[in-house]
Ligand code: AMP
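One chain comes next, on its own, written out as structure tokens in the form predicted alone.
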């Protein structure tokens, strides 16, 4: 059993909350996408309403155990303060005497944001002493960083072993939707998998094949599957070492797996590329696939139209270049209008849905790319497993 925030007495308590504020910054250190900050608001607001003392901790980027000035959480504190219309005190460290003094003097409804956890290599090592120093800051631990629960770090596992622990509203929501699609989906259940690499999705395909009615494959990974069928894919991205596995998966999923039957192809991956549609499934030499073709779009729509449950992880083309975005865009717009459960995996798929302005048309958009993939693989996620054991 995992405890919820609503199971805890929070008034006047120091509540240490692991959030996922790993947001993209531009060269001027301005946040370009604040979705992860906004996703944490329900938990933070609830804690404030319950008169808790809120201590937030997160990582940002990959500083690899060193202080990197460009990866300080200062812009995050500013944006969070704007969203809450409340002062958020950002500290210059996440452990140590000065941090402990500030936390000791907090009043109910105060908010403190600790500095980037990954400025310490001990964070990713789940170091016992580092975990203890973090845990000493709080009386209760709340895990609300779904994007990090697939990592056994100090702030996801170590602290949870030392304090009374519960999951926040965001994590609760993520678990609810992923459990539903994996254990009690309404049928027909259709999965869409895209993205660049087959290697990222092998475990997902194996776990989903017995559960789904149809599995639609697009994106760069589709060319490895087509190669496994003996199709000429020109200069398209390939994982030759995965062709044999792709062939095996096609046999396992015979009658369920659908690959593109035509393509948008280009002479290079650039906005200035020459592009054309193929007549059939073959791609000529000197050209590479950059999106699913028009007939594939219509075929995928026909299958999706009957779905009662859809899970989508990975774009169907290189959507970041507008000329290569049509397949991903049309399928996203089509799904948006369907009356069914629609769960979007995090990372690039979530970015694509946001790019097309369709966020409010989906049942759930995950905040975790790697975590959502591992959940779909059926793996145990350490940051959730520790809450279950507690």
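Keep in mind that this is a model prediction, so the values were computed, not measured. Positions refer to the first chain, counted from 1.
Another form, the form predicted together with adenosine monophosphate (AMP), is not on view; read the next lines as being about it.
Q: Considering non-hydrogen atoms and a 4.5 Å limit, which listed residue (149, 134, 316, 160) is close to adenosine monophosphate (AMP) in the predicted complex?
A: Only one listed residue qualifies here, and that residue is 316.
Q: Considering 257, 231, 112, 196, which brings a non-hydrogen atom within 4.5 Å of adenosine monophosphate (AMP) in the predicted complex?
A: Of the listed residues, the single hit is 196.
Q: Please pick out the stretch from 334-342, 318-326, 351-359, 31-39 that is in contact with adenosine monophosphate (AMP) in the predicted complex, where contact means heavy atoms within 4.5 Å.
A: Result for this chain: 318-326.
Q: Would you check, heavy atoms only and a 4.5 Å threshold, whether residue 138 touches adenosine monophosphate (AMP) in the predicted complex?
A: Contact check for residue 138: no, nothing within 4.5 Å of adenosine monophosphate (AMP) in the predicted complex.
Q: Are any of the heavy atoms in residue 290 no more than 4.5 Å from a heavy atom of adenosine monophosphate (AMP) in the predicted complex?
A: Yes, residue 290 is a contact residue.
Q: Using a 4.5 Å heavy atom cut-off, state whether residue 223 contacts adenosine monophosphate (AMP) in the predicted complex.
A: Because a heavy atom of residue 223 falls inside 4.5 Å of adenosine monophosphate (AMP) in the predicted complex, the answer is yes.
Q: Hey, in the predicted complex, is residue 213 touching adenosine monophosphate (AMP), heavy atoms inside 4.5 Å?
A: No, residue 213 stays farther than 4.5 Å from adenosine monophosphate (AMP) in the predicted complex.
Q: Which residues within 225-250 place at least one heavy atom within 4.5 Å of adenosine monophosphate (AMP) in the predicted complex?
A: Only 237 sits within 4.5 Å of the partner.
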